[in-house]
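First, one chain by itself: the form predicted alone, in structure tokens.
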């Protein structure tokens, strides 16, 4: 097995998530008949994505958090920032691609999804963000069967124990 980039990551417990202000997100559809989407719902979609290097989820490694998600339901925009466990993480692009694919598969098509590294969290932040924002690069990456298999492995549910 190849040497791990971060052989001893800090593992966090799964956080309980409770909607503190139910009035902000009515259970009934909005005036236009659409179900509203908020940051907690986005977090629920991405929290259990598997890390490509470790047997933990992105939430357990604190790569994603609800605080790093911004949703503008009216304009149909979702912005997710993520923080790799080390500044030189070679898996950052794969993690970002996995986040994008999960949200593309989970959200209505009216949403534009922006995935970026948290500012200052990676030594190649600008290059990774440029790759993740480029639709043509993302589409080409997903046409690569090996890369798509790696993304699908990150998105697979955990094995039953």
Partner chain sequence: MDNLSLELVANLTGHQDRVWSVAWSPKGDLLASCSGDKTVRIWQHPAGGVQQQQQQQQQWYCCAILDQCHSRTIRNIAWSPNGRALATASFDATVAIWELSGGVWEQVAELEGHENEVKCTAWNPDGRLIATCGRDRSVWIWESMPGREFECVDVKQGHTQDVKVVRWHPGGELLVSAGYDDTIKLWSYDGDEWGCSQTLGGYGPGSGHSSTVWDVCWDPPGQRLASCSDDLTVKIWGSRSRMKTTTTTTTTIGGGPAVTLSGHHTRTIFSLDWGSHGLIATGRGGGGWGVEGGCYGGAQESWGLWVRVEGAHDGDVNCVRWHPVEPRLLASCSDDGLVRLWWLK
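Positions refer to the first chain, counted from 1. Just so it is clear, the structure is predicted and the values come from calculations on it, not from any experiment.
There is also a form predicted in complex with the partner chain; it is not shown, and the following applies to it.
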Fill in the blank from the handout: Of the candidate stretches 89-97, 62-70, 132-140, 41-49, the one with residues having heavy atoms within 4.5 Å of the partner chain in the predicted complex is 132-140
Problem - 4.5 Å heavy atom contact, residue 35 and the partner chain in the predicted complex - result: no
Exercise for the section: Report whether the minimum heavy atom distance between residue 125 and the partner chain in the predicted complex is within 4.5 Å. Expected result: no
Exercise for the section: Give a yes or no for residue 110: in the predicted complex, does one of its heavy atoms lie within 4.5 Å of a heavy atom belonging to the partner chain? Expected result: yes
